[in-house]
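This document opens with one chain alone, in structure tokens, the form predicted alone.
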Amino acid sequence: MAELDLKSAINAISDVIENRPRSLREFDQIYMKAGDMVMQSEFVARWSDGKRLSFIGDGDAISVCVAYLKKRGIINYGPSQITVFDFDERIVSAVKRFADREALENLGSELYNCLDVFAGPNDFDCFYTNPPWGASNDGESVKVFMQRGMEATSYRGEGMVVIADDPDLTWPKRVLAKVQQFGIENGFFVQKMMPWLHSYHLDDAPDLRSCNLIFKAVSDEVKIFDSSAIDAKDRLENFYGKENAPRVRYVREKKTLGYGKAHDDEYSLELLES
């Protein structure tokens, strides 16, 4: 592997960040910091090289970074196809706009809520998700996103799950254990764990990190399954945090002509005296 041109990579990721909508904290949209996005995107590109990759949610826009780094020639590897499934129309539209502007022909996105039946293609080779971390529900929200990723691959191939990892806190350890158990129950084993890896723009816990938990299916055989809606109370309770169960199917985008520019409700003008 050739050495990464860090300056070019950072500049490319900054283009992606400029295109990305602002996070909605009530839905646990907490964005990864730029330096970690560079390293994560390069690793995801290597991990999924030549494969069909699905993203179950992607507020960070790692999907866009992966496609863009290869398009710009900063890396010469990456997935053959990338599809983002997200319930936030702002994110779905941002992916489409960027892909269209930069001619990223292998990058697409679809509006989808992970609580609904997964009706998308299920022939992906691998999946990636950075879901709500499940601090208040023992990782149940993580398992929901992970389940949809497994369905996208027909319970074969590989998956990368990004979740909290902090040696000084109890709940991340509990969630890690629950998520690993869920993977085993569904025919996957933990192939690799990259601990305490990423940092975030998180005001109430600035030192909290996340890890890459990489799963691999025990069997390469396609599993026949029926995807169903998720409506069980114990799976929805505290989904986005304490006493914050899902109540929204989609976040809809309000159309504007000035994408990537400051909205006029963010500022006022004090004029020079004539």
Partner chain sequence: MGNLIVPGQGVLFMKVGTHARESLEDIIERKTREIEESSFALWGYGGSTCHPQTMVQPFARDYHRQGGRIYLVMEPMESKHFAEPVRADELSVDGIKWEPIPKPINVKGSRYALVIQNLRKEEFDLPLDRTEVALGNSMGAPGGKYINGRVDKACLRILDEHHGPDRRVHIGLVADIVEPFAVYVRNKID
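Residue numbers count along the first chain shown, from 1. Predicted model, so just to flag it, every value in this text is computed and none were measured.
One more form of this protein, predicted together with the partner chain, exists but is not displayed; see below.
Proximity of Trp196 to the partner chain in the model of the complex falls outside the 4.5 Å heavy atom cutoff. None of the heavy atoms of Met32 is located within 4.5 Å of the partner chain in the model of the complex. Among residues of the shown chain, Val117 is not one whose heavy atoms approach the partner chain to within 4.5 Å in the model of the complex. Heavy atoms of Asp100 never reach within 4.5 Å of the partner chain in the model of the complex, leaving it off the interface. For the candidate set Ala205, Val218, Ala229, Val222, a heavy atom within 4.5 Å of the partner chain in the model of the complex is found for exactly one residue, namely Ala205. Across the proposed site, Glu18, Val162 and Ser210 without exception lack any heavy atom within 4.5 Å of the partner chain in the model of the complex. Screening 179-187, 100-108, 165-173, 83-91 for residues having heavy atoms within 4.5 Å of the partner chain in the model of the complex returns a single hit, 165-173.
Residues of 75-96 that come within 4.5 Å of the partner chain in the model of the complex, judged by any heavy atom, do not exist; none qualify.
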